[in-house]
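Presented as structure tokens, the chain that follows is alone, the form predicted on its own.
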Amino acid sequence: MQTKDINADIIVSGAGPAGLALSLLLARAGLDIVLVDAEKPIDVNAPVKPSGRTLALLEGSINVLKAAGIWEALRPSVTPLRNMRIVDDSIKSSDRIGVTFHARDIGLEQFGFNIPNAILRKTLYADVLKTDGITHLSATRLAGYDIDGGKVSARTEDGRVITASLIVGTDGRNSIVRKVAGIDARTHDYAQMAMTCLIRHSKPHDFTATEFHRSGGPFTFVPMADNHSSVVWVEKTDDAKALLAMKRDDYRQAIQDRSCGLLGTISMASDPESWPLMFLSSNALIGERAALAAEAAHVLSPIGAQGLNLSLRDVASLAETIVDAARLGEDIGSATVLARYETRRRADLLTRTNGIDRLNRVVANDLMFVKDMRRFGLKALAKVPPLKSFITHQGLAPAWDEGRLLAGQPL
């Protein structure tokens, strides 16, 4: 059992991309960080196993990663996303209705970049290991914490005690920080599963992501390097389990049948992976000397690829709030300081979480009048350029909580 006590400015519990990025930003601003990471250590020199789990990074997220100091290391692994196509294929007896959004139509070279999840996490992880000011506790779980004398006193399952002014939960949907802080959350089980795998294909993807809307959920091709694409396929849980029980070539044929010939002949480049879909939205972002960010605060459907981008906006806002307070000599864990973070994030989180939740429910709805409304909406977008432009801009960036980091300025 570990008995050594640790003192720090901030405890970050959870070492996904959001927790790693936040630790880097805060440490580079001169704060002492303890990062509690429940996962086993990563071999940063080992090759990354092919996987369909990828992330779409929009411009604001890229700027956050630049500030964290890792963007140049990521560049060889990213694929530009220049076009986004949405196709309604929910009525078998009717023609498909679709609309394509082009980055060039709003003056951009690309909407953003796609990157394998494992490469992003490994690159962040490697930088954390060599950054002064971060004590990284791998394979370590947070057991709980107390507030004592204006400080957080956190306990790990292996017996360490960590004292800090603030604890931040980036520890996912089952967040210990959220539970100990007494913050409730709204949740909903979608009764859906997301499946993903990496595929090769004979036709070029032209750097276009294509999302088919069908009754079980969205079926999406995400462009990757070297004529590869990631498949993100959402189905009702029982249907997904039946698909995952198929032999590998039968599963490949199921993808081929649903591809509408878009990418030519398809072959599997990785095994399928899956996870259950749910909605989660915490009722608050802050507690006594505690703050929540990323999936400790919100869990979304993959439709629209908003999840990580929303999480990195949390990271940017929280980092700015903490660092600004520290520079002014304020107590970084005080209720006054933390309230600034919650106020900054409220509108963006409310609109995005509720918007994605409603969109997922609409896309997976089998009612004929809902299908007709979806198709009418796509036709309108295709025929009314100002509406199409407005929707494109709203999907890329919020009109609030821009901050320094999202705009590409230094912390």
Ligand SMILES: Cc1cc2nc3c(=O)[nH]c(=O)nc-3n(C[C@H](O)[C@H](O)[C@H](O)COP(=O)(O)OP(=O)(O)OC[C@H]3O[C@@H](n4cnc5c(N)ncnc54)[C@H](O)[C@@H]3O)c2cc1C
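Position 1 is the first residue in the sequence shown; the rest follow in order. The shown structure was predicted, so the numbers you read here are calculated from the model rather than taken from an experiment.
Beyond the structure shown, there is the form predicted in complex with the ligand, which is absent from this document and is the topic of what follows.
- None of the heavy atoms of residue 403 is located within 4.5 Å of the ligand in the model of the complex.
- Contact check for residue 134: every heavy atom lies farther than 4.5 Å from the ligand in the model of the complex.
- Taking the partner from elsewhere, residue 224 is found to have every heavy atom lying beyond 4.5 Å of the ligand in the model of the complex.
- The ligand in the model of the complex is not approached by residue 82, whose heavy atoms all lie more than 4.5 angstroms from it.
- The partner is not drawn, yet in the model of the complex one stretch among 22-30, 340-348, 62-70, 36-44 has residues with heavy atoms inside 4.5 Å of the ligand: 36-44.
- Residues 16, 275 and 308 are all found to lie within 4.5 Å of the ligand in the model of the complex, as judged by heavy atom distances.
- Out of the listed residues 86, 152, 142, 286, 142 is the one that sits within 4.5 Å of the ligand in the model of the complex by at least one heavy atom.
- Screening 256, 196, 270, 215 for any heavy atom within 4.5 Å of the ligand in the model of the complex leaves a single hit, 196.
- Along 159-197, residues 170, 171, 172, 176, 194, 196 each place a heavy atom within 4.5 Å of the ligand in the model of the complex.
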